[in-house]
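Given next, in structure tokens, is a single chain: the form predicted alone.
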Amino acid sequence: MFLVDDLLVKPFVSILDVIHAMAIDEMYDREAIMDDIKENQLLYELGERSEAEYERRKAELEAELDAAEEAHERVSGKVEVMG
């Protein structure tokens, strides 16, 4: 029974873990969020965005970044490398 689990179930679970990690990377792209934070700052500094709009967008982006960091932390320990 354990041999069957090792041969059939474990690879399937490992593949699901990898797919899940890839989906988290796609959904919570930390680099893209950081780029948006930089763009927001630049638009504010150039005068193309009001201070109120800048602060509102900054809070949104920081919340997104926190959610992304939390999602990546939850996933980081789950992926197994098959050998």
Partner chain sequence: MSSNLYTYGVIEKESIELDERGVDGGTPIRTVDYRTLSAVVSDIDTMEPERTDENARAHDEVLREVLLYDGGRTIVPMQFGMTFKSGRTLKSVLRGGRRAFRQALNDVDGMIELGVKLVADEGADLDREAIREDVGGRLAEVSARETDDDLYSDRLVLNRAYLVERDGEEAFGDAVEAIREDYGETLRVQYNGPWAPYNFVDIEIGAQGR
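Everything quoted here is computed from the prediction, not taken from an experiment. Residue numbers count along the first chain shown, from 1.
One more form of this protein should be noted, the form predicted together with the partner chain, which is absent from this view; the next part is about it.
- A residue is said to contact a partner when one of its heavy atoms sits within 4.5 Å of a partner heavy atom; L46 meets this definition for the partner chain in the model of the complex.
- None of the heavy atoms of E53 is located within 4.5 Å of the partner chain in the model of the complex.
- Interface residue remark: E39 is counted as part of the site for the partner chain in the model of the complex, having a heavy atom within 4.5 Å.
- Although the partner is absent here, D29 is not a contact residue: none of its heavy atoms lies within 4.5 angstroms of the partner chain in the model of the complex.
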